[in-house]
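One chain follows as structure tokens, the form predicted on its own.
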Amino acid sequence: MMKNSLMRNVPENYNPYVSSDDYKSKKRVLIDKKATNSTVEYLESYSDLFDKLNITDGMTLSFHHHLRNGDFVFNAVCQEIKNRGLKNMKLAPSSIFPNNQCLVELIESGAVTDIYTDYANGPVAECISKGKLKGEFLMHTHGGRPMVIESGAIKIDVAILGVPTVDKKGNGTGKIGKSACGSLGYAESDVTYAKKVVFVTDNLVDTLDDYQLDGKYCDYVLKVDAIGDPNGIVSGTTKITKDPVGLKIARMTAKLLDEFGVIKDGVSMQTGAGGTSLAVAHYVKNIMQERGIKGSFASGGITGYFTDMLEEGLFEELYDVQCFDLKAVQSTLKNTTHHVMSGSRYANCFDDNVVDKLDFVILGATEIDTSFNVNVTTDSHGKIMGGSGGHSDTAHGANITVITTNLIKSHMPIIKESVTTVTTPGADVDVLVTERGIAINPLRTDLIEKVKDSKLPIVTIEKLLETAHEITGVPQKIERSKEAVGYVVYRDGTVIDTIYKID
């Protein structure tokens, strides 16, 4: 599935690749083996959960991250692991946030030795960067995670999932309840393929007519006082930037997309939730309104900005794998064309996925190099501070992938000769837009031809690097450790780069 053969600093025997045929056959076998439940058993506490499911040393537990920095369930399970003195546990959360800092103690004690995730930020990420995790640390993509779960490459013993509302048949939804978080897309593969499934909820009802998680896969329900704080689901900035530089980048990006000819009836798009990305959406929206253009769909993590566009008739549908703000949560309940979807439907490269149907996607970068490789996993010193999420999924899938970023951040050039860590291979990246110029990947001769007469400041990426160095000087090379602490896994399961220990 990879557009290029980039596999950097990876041991030859470390490549858990899953072919399309392997995936389909293993997925079919796993579905056949999965028992359907006629009844749901209720649990009284997290301690009862561990007792009833006989959770012991070395087991693999999984979680979703839809409550993000407001999640209580992951931390409660970590506390129970500590209370019982368990060792060598393997955790597969779809993402790790700063509020999960209780996991640091478990890593340092050896209670948790292996972690599989798509994103890590905060104290846990720093702990892993320092080499304190004794086993494997694999960073998947949002589409790659369901692929490795569904193929059996990661075998989950128990999925322990916060679900805002559950009915007596074990059906679950995130659309309603005091902890409503909207779509539960990243939980769906866990629900279907884990050996045992527990829904932890703070809202138990008699019946649900509309649900995302099918009760036939739910083994146990644990009712608690609160699964999390829904205010914690807001992910960073979900408002259009007011920064003049960010607005300039956004205006140029929208104009460039228009010159590429993609802003037309039926257009499909995705942007992030950051201020500049939403500003791009704003300027694209203006063009659509001026010309009476109606798009087919927007996808990904959905914000209130896109639900407004849906309600204004600028898109026919939204495909939502996770809600980035509470307005989007409310929209999943009231708009029938705002569809929740699984992580697999969103971006699994071996499934019929949405990202492969995108006309364009707007993404960010911590670093980008002259080969257009992008890093959103580590900083320039190698410290883990993010991860692909859907970055490399959408970059590969979309017809046009645009990176928007300031040329210089914190007095450092964003463009490097070589990025510290490859998150998204350069062959999946088409355009870089900065306030000082636009660079188009030489591989996209079709795009270069379309804007050959443009008045936009289109230059080579090497020229942008030279401009940055004229302002900041040439940064000193950072010496890196040779001790691996983890691996970056591409959407098809191929390990493409190594993450190294920091001091």
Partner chain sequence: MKRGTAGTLESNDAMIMVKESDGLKITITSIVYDFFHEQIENVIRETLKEEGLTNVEVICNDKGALDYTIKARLLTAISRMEEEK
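Remember, predicted model here, so these are calculated numbers, not experimental data. Numbering follows the first chain given and starts at 1.
The form predicted in complex with the partner chain exists for this protein as well; it is not shown, and the discussion that follows is about that form.
Participant: Would you point out which of 112-120, 377-385, 190-198, 324-332 contains residues with a non-hydrogen atom within 4.5 Å of the partner chain in the model of the complex?
Facilitator: It is 377-385 that comes within 4.5 Å of the partner.
Participant: Just give me the single entry in 413, 295, 228, 215 that has a non-hydrogen atom within 4.5 angstroms of the partner chain in the model of the complex.
Facilitator: Only one listed residue qualifies here, and that residue is 413.
Participant: Tell me, which of 478, 448, 31, 456 has a heavy atom within 4.5 angstroms of the partner chain in the model of the complex?
Facilitator: Only one listed residue qualifies here, and that residue is 478.
Participant: Is residue 472 close to the partner chain in the model of the complex, meaning a heavy atom pair under 4.5 Å apart or at it?
Facilitator: Residue 472: contacts the partner chain in the model of the complex.
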